[in-house]
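Included below are structure tokens for two forms of one protein chain, each presented in isolation as structure 1 and structure 2.
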Structure 1
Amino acid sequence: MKSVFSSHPDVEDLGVAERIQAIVGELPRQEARVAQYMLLNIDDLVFQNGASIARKAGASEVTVSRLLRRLGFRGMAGLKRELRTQRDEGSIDMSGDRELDKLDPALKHALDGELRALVSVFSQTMDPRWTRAVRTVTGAQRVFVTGFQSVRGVAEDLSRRLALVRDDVRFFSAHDGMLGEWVGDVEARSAKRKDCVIIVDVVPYAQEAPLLARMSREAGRQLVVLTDELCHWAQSHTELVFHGPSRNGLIIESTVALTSLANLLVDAVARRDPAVAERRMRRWHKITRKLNVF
């Protein structure tokens, strides 16, 4: 688990792997065997105990115990303690920003999580499905956007910004009147250019989302889902599911990654015809300017 930014190798205390590496050559036969095993399965050590390592490495429990002692760890507990601090250290180093060292540890962890989440989000744009999603949204006759509870705002902003970039985008809420209009529109099924529904959703809150998803498909609409990493229902309705990790250790889950996904979607759609998009944006700026003067 590396950080997004290159992590700084602490000069003084070596990591677990290095320590083993350093002495593996001068160990007695069985201990070396165990050491070797640990090196090869270093990521797995946190899930193990002395006995299991002994078994898998083909040595006795005592040997593992002795080896750990020789490596300078206070037993399995000590090794895990070490692994943990290693993970904590390795997780953040922000481009030499020493200042961040003073950050509250919880926040530091959260920041690291957010950074990873963003990387994950951007990575998803390389997936062929992303391109398909963008094409879907771009080519759709009309686009409906919805979102619930704590991410409803994300969905609303998405619809607003998407509307800057293409025609016939609207936000709709299952509880508002618009649902009627939306449902009643039956001939959409057979239209040449299909409609597209974008659902922004986070798992704990939405029972509505799966329902809407099903309805959308049944009405012959394409479906794009932006959701968090916990989502399990979306896959079965469409392949166009994209995840913005939301757990970051804070009390409230993060909407940053989802927001980024939404931003990227808008940008990608705009990019399909940059000239048009820019023209629209400019016109819009002009309008708001006029409105603002009032």
Structure 2
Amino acid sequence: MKSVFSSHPDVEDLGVAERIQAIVGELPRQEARVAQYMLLNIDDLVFQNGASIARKAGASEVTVSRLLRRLGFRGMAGLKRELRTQRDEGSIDMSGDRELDKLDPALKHALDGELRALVSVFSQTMDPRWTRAVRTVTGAQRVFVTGFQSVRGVAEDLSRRLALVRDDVRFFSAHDGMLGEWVGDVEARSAKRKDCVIIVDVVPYAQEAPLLARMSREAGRQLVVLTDELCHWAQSHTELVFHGPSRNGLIIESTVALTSLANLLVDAVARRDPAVAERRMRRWHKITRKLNVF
């Protein structure tokens, strides 16, 4: 049987994340789900076992074992040995900053986590899916943005910023507004410019998000999801899923990376048609001056 690494002869020299990334596009759907979870939770895998990974990724233990074999590891023990070696060698060096040297060790750890999360977020903008997401948001006839519980504020902020650079952006809450925004003749709207829904979600509040995602797809609306590293449901509804890692050792998960994803999306939409964005910004400044807002 042909080795899955036959097209990647140097895979044994790659780190864990690089090994996964080298084959993720070739994996069966369930293994790809586990691989995505592992990529987004590299730092936590040393504290987990096959059962916990399977449960959190929404797959079976057999699927986890099969993926580990594909990656060249002898079970979780082999994976953990490699991860510990990488962790010892790969910490972000902040020793040159004297002020940071004074930080509490727990805060240094949190800062390291935030920096890694931001690197992950910016790296995702090089993925072809990011270009497709930007094209989708830019070309949509209307854009609906929603978020729940602790990240509702992130979603509202995204909708307001996005409304400055393109027309017809609305924040909606299924419970507050009863989805009145979605009532209308769907067939009468342009077939070429479908509506787009952006869902901002984190796993503790994911019960409502998958329902809205399914409703969006059933109505023919395009879907983009900005979420955290634990999300396992979104890829069942759209390939346009982007992750902002949230766990950095603080008591409550961080929204820094998720907010950065939102900011990058607004910037990318504006840059796709800068003339439109600039005209809108000029009009916005005139309006705010008349109101003496600023």
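Just so it is clear, the structure is predicted and the values come from calculations on it, not from any experiment. Each form is matched to the other, and the largest set of C-alpha atoms that superpose within 1.5 Å is called the rigid core. By convention here, residues take numbers in order along the sequence of structure 1, the first being 1.
Form assignment for the chain places structure 1 as the one matching the criterion, namely the form predicted together with the DNA.
Once the rigid core is overlaid between structures 1 and 2, Trp130 does not reach a Cα shift of 2 Å, moving by less than that. In the core-superposed comparison between structures 1 and 2, the C-alpha atom of Arg214 has shifted by less than 2 angstroms.
Once both forms are fitted on their rigid core, the CA atom of Gly139 lies less than 2 Å apart between structures 1 and 2. On core superposition, Gly75 has its C-alpha offset by 23.4 angstrom between structures 1 and 2.
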